[in-house]
Structure formats: C-alpha cells, structure tokens
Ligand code: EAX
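Only one chain is shown below, in structure tokens, and it's the form predicted alone.
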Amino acid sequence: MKLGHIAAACLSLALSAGACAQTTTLKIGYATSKESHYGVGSTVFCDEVEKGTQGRFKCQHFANSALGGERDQIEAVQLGTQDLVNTSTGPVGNFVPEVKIVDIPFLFRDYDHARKVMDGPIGQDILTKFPSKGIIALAWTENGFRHMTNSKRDIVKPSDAAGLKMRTMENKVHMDGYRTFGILPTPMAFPELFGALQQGTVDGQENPIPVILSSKFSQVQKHLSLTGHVYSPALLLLSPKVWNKLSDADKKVFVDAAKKAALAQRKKVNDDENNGIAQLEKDGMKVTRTVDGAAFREALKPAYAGYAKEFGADNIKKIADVR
C-alpha cells in the first residue's frame, strides 16, 4: 500500500478503534540470549502485549545484559529509565526484602512444589510488596534449580566444594548458605562472569541448566554437579512510569501477557533441563548426576538458624508444607 493510501486509511479510521494510535516502544532487558528461557518468556510477553493493545505497545529487546547487570536493570526500572526487566530474584531482595525468603537453599523439593508456592497465596502476596518500593511485579517467571560448576573437581558432598572460589549473585541469603559448604562466595555481576571463569579469577559458579547452556559455560568449566541447591525464581518487572499511564484494560493485557510469558519460560526451563545436560556432556563437561543431598542439608543447619531468625521459622515451614 502506498504512503498516501496509508495516510488516507488512518484519517478515515481516526475516530474508530484507535487504529492509528501512536506506538510506544518498551525497552525490555535480561541477562541471557534471546534464545534462552528469559528470551522466550520476554518474547511471548511482548507479542501478547502488542496483540492485546492492537500494536499501541511493542518491545525492543536488550538481551545478553546489554543494559547492564540485573541489579543495574532493576534500578533503571525503578527510576523509569528502563521499562521492563526479566530478572532472577538474586538481586531483588536488595530492593524488596520480602523476596529473600524464596532464595533459601534446599527450601523447595522440586519444580512442582516451587511453582505451587509462587502461583499460590504466598507467592502472590509477595508480589503486592513491590509497588511501595517503586516497582511493579507483573508475574513470577522462572530461572530454575541452580547447580554448581567448577574447573577443579567433581562435587558430590560439601567437603568437595570446600575452598572453591565460587561466583555468586549479590545475595546474602545464598552466600550465608554457601559458606556452610566451605565455599568462598565471590559476588560478581553476571556480565563479568564468563571472563572471570576464563581467566581463573574464580574457580566456579552456580546457575540453572538453561543459563549454563545459553552462556556457553562449558567452554570455561569442566565439572558440573547437579546439586539443585537453590530454586531460582525470576520476575517480570515493570516501571511504574509505564504502569501508571495504562488504562485498566491495558493493565489487564499486561498482566495476562505476563502470565502467558511465565508459562512459556517455565516450559523452556523444562526443555533445557531435559535436553541440556546431554548437550553439556557432548560439549565436554563431566556431569555428576548423583550428589549427597542429605550431607548438604546437614551442613546448611547453622545457616537455617539464621534464616529462622530473619524470616520466621513459621514462614519457612508454611512454604515447606505446601503440597
């Protein structure tokens, strides 16, 4: 269609369903590639928003930490200089302390348990704590159960991990737990991690299979142990600057789109868990499938005393008891 025809069409429809309404482009960022679980979830969200608003909103994707580390991106969303971030909970507790409880090691039995908690009253109540901190939490997405990799040795029990300099997120709940395993936690922003592993600045790191896969850590790490020591939720966060300008109908479109994004992201996590370990082996990693979970839980007991004091033993039990 020629430009003149388009202009004429717009003019004739201007008083109808907003067919020629101005398009707002939203900046969405995440740590990994567009093909990763974060990319899959973000793409579904953006497609659904564009469809649900008849093209009045669309997204520009900034994958692979193009807008900075997760903490930087959350700050930018809070300030309104970035519109959206699909982030792990790792740094979120620094902004919304109520989130920290879900980062406790060995709190969740499996994916079914974790997802029931996030989708149920406990998880949904945590989402209500965000607006007062200047952030809108649209939905829980997912990062996955975290596993340890390193360049030195197989990890079967905590003593195998002792003395390893392990990159962690800037997350005190994680670091307190990892110290009980004898690990030397080294907080570092994700964009710096590959280089640090390559140069031997740190011995290892811990992340879910989808992250290990999409970040090509098999190129710089020899050993993968399926410790599953922490379930790592993720969140789709929106700037209030955007939210406060939305109509009620558009707010519903954004929330519904986020729910669909969460389902797609979880499916990608499942697919990567099912197929990714074999791929990492093919890429040269030595995989330890069976670890001594009981020994890790036993080692963690001193940290759990601290968690009980900080979060309340009853609150931790409520999560553990979800069936």
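Here the structure is a predicted model, which means the values were calculated and not measured. One-based numbering along the sequence shown.
Missing here is the form predicted together with the ligand; even so, the following discussion is about that form.
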property: Pocket accessibility when the ligand, as posed in the predicted complex, is superimposed onto this form, judged at 2.4 Å from backbone or C-beta; result: open
property: Residue stretch of 130-138, 162-170, 218-226, 75-83 approaching the ligand in the predicted complex, non-hydrogen atom distance within 4.5 Å; result: 162-170
property: Exercise: His147 in contact with the ligand in the predicted complex, heavy atom 4.5 Å; result: no
property: In the predicted complex, Tyr38 touching the ligand (heavy atom, 4.5 Å); result: yes
property: Close approach of Val211 to the ligand in the predicted complex, 4.5 Å, heavy atom; result: yes
property: Interface membership of Phe190, the ligand in the predicted complex, 4.5 Å heavy atom rule; result: yes
property: In the predicted complex, residues of 67-90 near the ligand [heavy atom within 4.5 Å]; result: Glu70, Ser88
